[in-house]
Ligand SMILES: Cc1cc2nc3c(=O)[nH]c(=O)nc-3n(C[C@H](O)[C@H](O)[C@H](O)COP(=O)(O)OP(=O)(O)OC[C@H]3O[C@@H](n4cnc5c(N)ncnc54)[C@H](O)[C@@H]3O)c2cc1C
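A lone chain, given as structure tokens: the form predicted alone.
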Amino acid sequence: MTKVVIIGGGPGGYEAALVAAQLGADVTVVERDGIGGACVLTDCVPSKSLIATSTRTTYVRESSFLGINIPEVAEGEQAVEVDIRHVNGRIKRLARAQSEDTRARLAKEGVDVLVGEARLVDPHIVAVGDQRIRADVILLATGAHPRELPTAAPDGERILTWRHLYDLEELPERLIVVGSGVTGAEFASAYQALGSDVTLVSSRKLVMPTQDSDAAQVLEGVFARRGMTVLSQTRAESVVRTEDGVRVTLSDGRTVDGSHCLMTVGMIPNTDGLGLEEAGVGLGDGGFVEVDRVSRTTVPGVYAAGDCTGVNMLASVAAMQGRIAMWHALGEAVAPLQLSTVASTVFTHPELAAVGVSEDDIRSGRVDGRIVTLPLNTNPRAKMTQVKEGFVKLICRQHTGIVLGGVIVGPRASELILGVSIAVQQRLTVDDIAHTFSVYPSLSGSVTEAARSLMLASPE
């Protein structure tokens, strides 16, 4: 029986463990904080739970068009109030429950779980405290942690990383979010909806610079409409405590005062102290573990998955890397990781979801394709729910019509993108989508409508 040791119990680790157990291996998972790792306990699950509350709050505040009236209140008061203690308590209970459910699933499949910190003694021995575990296959799935700036050291009270948010007793009155990538945009959007006065500091011209530029423009417009202040093309040089809050000094010389500051300036891999370099495991820029497309490191028998590899830091990618590692290590047929088919979502309100080739790939000439963009405000279901912002963008190959990618901005874009993802994965054509029934009325009808537009368009 093959002995597999997995260091880290997040999505990359526990999904790998389930595959290895299914294939008959003897599996041990070593996790220091709890099964599910940071993804379940402090990052993805908690943040999306918070966003679920903020989204409901927005729907209530913006529901007068349906004839739902909110009583007027005195100036300076909130008609819809959020009990942040209740919200954070619910979030932490949900995270713990998800962790326990996953742990129970591992136990049911016969996976051993050790609580502790692990390190490599050599490529076939893992140390957990004084215990030594011999392994035929080792998977590194240790994740990453928030990057901290020496001039803005978090204190957990006023200067925060997102892992401090769920211990707050009160809703931040004036929240400054530093960093306008996916994480910064999500939290800025959420806390603005919850009732905080939010200022978002962005080093770029547009928020979310790695996303579709049309989508970023829509979301930045939504932020402004809801009262958020976005400070573009400037950086936070320092963050310090004041008598009653924080002061952020920007690279252009301005200062911004707030009650709290949330730092969202990237991630650092959890690779220190694991004995990786001593065991010969190659580390790349920033300390990320070097892996190939089947999750192998530079040492035979040692694999890696998830955020510690720096490969598209998404839970879905981590899970797939872990599964691929076990399929490969245990002799199953396996296809290498295909990043071109990875769907991603920014959980702002509205959501932004994308998969495959981007419009920039087409405009730059890197890919020969055609694009159509349909605004959601013409969709009948969108009109019923007063959706005024958002669109469906579909991209196909120039002559064959094979679907290459897409972008959706709108409610539940994270769900709507699946159809486009299947098309990209299975190399379907716009004709295939155009001839597929969609529910009427539905937002997904805009996906089939976009396909019909591309089907009827004549290639240039």
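As the structure is a prediction and not an experimental result, all values here were calculated from the model. The first residue of the shown sequence is 1; numbering continues from there.
Although it is not shown, the form predicted together with the named molecule is what the next lines describe.
Location of the named molecule contact in the predicted bound form, chosen stretch of 211 to 219, 182 to 190, 374 to 382, 104 to 112 [non-hydrogen atom, 4.5 Å]
In the other structure, the partner sits against 182 to 190.
Heavy atom within 4.5 Å of the named molecule in the predicted bound form: which of I417, V430, V409, V30 fits that? Just give me the one.
Filtering the options by heavy-atom distance leaves V30.
Of I324, V265, V137, L274, the one that lies within 4.5 Å of the named molecule in the predicted bound form (heavy atoms):
Contact check passes for L274.
Hey, in the predicted bound form, does V177 get a heavy atom within 4.5 angstroms of the named molecule?
No - in the predicted bound form, heavy atoms of V177 and the named molecule never come within 4.5 Å of each other.
Check whether G401 has any heavy atom within 4.5 Å of a heavy atom of the named molecule in the predicted bound form, and answer yes or no.
No, G401 is distant from the partner.
Please determine whether G227 contacts the named molecule in the predicted bound form, using a 4.5 Å cut-off between heavy atoms.
Output for G227 is no: heavy atoms all beyond 4.5 Å of the named molecule.
Under a 4.5 Å heavy atom criterion, is T298 part of the interface with the named molecule in the predicted bound form?
No, T298 sits far enough from the named molecule in the predicted bound form that none of its heavy atoms falls within 4.5 Å.
With the named molecule taken in the predicted bound form, which residues across 316 to 336 come within 4.5 angstroms through any non-hydrogen atom?
Heavy-atom contacts within 4.5 Å come from S316, A318.
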